[in-house]
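For this one, two forms of the same chain are given in structure tokens, first as structure 1 and then as structure 2.
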Structure 1
């Protein structure tokens, strides 16, 4: 079984690429979804988050106050680094468990979608890393529409992420996502064949 990382900046189309790979037969692990689950359900993560950000990190019903956390974390690199250090090791462990289960089930391609593959050291778990890239204006527009946030909030998040050119240099494969879904689908189908044929 091959292990493929899919990364890229916010709004680049990582999830779209992974959904196409799943349609083709891959199994996908969404690191950001796992991080959200840990934030909501893991008592030790909750304790660490409250220690870092204060009691307003969680809403009265117990759910994470995502908007508050995003605003604080993306405005303070030291806080963001501490939050990542709290969550990333647990996400790496969960991916390893999921990949081993997939191998036992004879899945041919295990995909890990994560915004922070290199920053979390996750490339060590993978056979190859794909960077999905798209023009900045298209990324901003997608995220504003998807998340109901302002352009300023999106650009603040983008400023805290790795520069796309740095990601491209570290990538094994770069997928350009110019907004043409059919063209992207053909690129992903070729990627799937390349990853599963050897």
Structure 2
């Protein structure tokens, strides 16, 4: 069983690619969802977050105070780095467990979707990394439509991310999501065949 990383900038189509791969028989692990789960549920993560950001990090009912955390982390790169250092190694561990379990269950392909792959050192756990990319105008339009947010908001989020050309240079495979969904599906079917044929 091969392990495939899927990454790319906001609105590039990472999740869509992973959903198609799942339909084809792959098992997918969504790193950002796992990070959110750890933030909400893991006692040692909670303890570390409170140490870094203070008691306001969690709401009275116990759920993470996302708005507060996002504001603090975006304003202070050192804090963001420390938060990532707290959560990322645990996400890597969870992926490792999931991938080993999938291999025992004879899953055809294990896919990890993550906004950060190279930064977190996660490529060491993967056989190949696909970078999904699309023209900036298409990404902006798709995210505005999906999230109901303004162009300015999407552009600001894009500006905080890695430059797509830097991502593309580190990719094993670049998947251009520059056509319609049908075209993307055909490309993903080819990718699935390539990844599961050897």
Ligand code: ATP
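Because the structure is predicted, anything quoted here is derived from the model rather than measured. What we label the rigid core is the largest C-alpha set whose atoms superpose within 1.5 Å from one form to the other. Numbering follows the first chain given and starts at 1.
Two forms of the same chain are shown on their own. Structure 1 is the form predicted on its own. Shown in the overlay between structure 1 and structure 2, fitted on the rigid core, is a CA shift at residue 32 smaller than 2 Å. The Cα shift for residue 137 between structure 1 and structure 2, taken after rigid core superposition, is 2 angstroms or larger. After superposition on the rigid core, the Cα of residue 62 moves by less than 2 Å between structure 1 and structure 2. On a core-based overlay, residue 155 has a Cα shift of 3.9 Å between structure 1 and structure 2. After superposition on the rigid core, the Cα atom of residue 146 is displaced by 4.1 Å between structure 1 and structure 2.
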